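Shown below, as structure tokens, is a lone chain in the form predicted on its own; questions about how it binds or moves come after it.
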Amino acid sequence: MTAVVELAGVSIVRGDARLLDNIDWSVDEADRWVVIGPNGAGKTTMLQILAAQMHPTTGVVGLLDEVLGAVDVFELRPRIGLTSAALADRLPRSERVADVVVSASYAVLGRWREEYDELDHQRAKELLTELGIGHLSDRTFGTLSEGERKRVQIARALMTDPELMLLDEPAAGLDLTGREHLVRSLSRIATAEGAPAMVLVTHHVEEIPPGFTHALLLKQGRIVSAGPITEALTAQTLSETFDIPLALDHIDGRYTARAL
């Protein structure tokens, strides 16, 4: 398999704090990773590195056959799909949903004078339909529910047919119905033929979509466990990661955790 992410000895240091500490990690093109850990574990920092938005203090970062620091990140970033709360906050609330998605082709937030061909508009429409929100294409982004906005962001992240897709806590703030719709959509994407490599960050095992293949557990910037999900994600490793005795159940492809 071809590696789309390779981290070797990667650390991020800010003042006296080590946000990531000597991380070695590899993601292959067929992998679907979930990154789990408590607040302050380094999950979002990890995603910023994978999105080519942050350089390591020490170590080497390989992304899509390029080395971070020796490549123009403005050429690299369009090959990476990203959804995050920070990105969502920058999307114009008055923008049509269809334009929020299609404007990813130029990596801009808010349409201006750029032009798109019919194939671009058709792809945006198809992505919205696949995510169950095709009927919202003419609505403005600001009028959508939180769950609908999350799915619009996923459609936008897929617009450029990325080689790597990053999802930073995509289910945060959703009610039960919104979470389940989102998990189902992400599961379909993860198991579709030709889907990109995926990395999803979450606090909760209940948000892991069926079809995800690997897990990385982070605590205080260090890896507790990493590998195939059935081996890396266990009651023992989850308890160590969150500093509380936990029971972990896996039923019908979904995980649940509870304190003992």
Ligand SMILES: Nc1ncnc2c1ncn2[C@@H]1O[C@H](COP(=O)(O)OP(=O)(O)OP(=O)(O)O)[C@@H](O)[C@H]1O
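Numbering starts at 1 and follows the sequence shown. Computed from a predicted model, the values in this text were never measured in an experiment.
Keep in mind that the form predicted together with the ligand is missing from the display, and what follows is about it.
J.: Please pick, from Q53, T234, T57, T44, the one residue with any non-hydrogen atom lying within 4.5 angstroms of the ligand in the predicted bound form.
T.: Here the answer is residue option T44.
J.: Do heavy atoms from each of P38, E169 and H203 fall within 4.5 Å of the ligand in the predicted bound form?
T.: Each of the three qualifies.
J.: Quick check on I23: any heavy atom within 4.5 Å of the ligand in the predicted bound form?
T.: Flag for I23 set to no.
J.: May I ask you to check whether L19 falls inside a 4.5 Å heavy atom distance of the ligand in the predicted bound form?
T.: Looking in the predicted bound form, residue contacts with the ligand include L19, since a heavy atom lies within 4.5 Å.
J.: Quick check for you: of 44-52, 23-31, 57-65, 191-199, which stretch puts a non-hydrogen atom within 4.5 Å of the ligand in the predicted bound form?
T.: Contact criterion met by 44-52 only.
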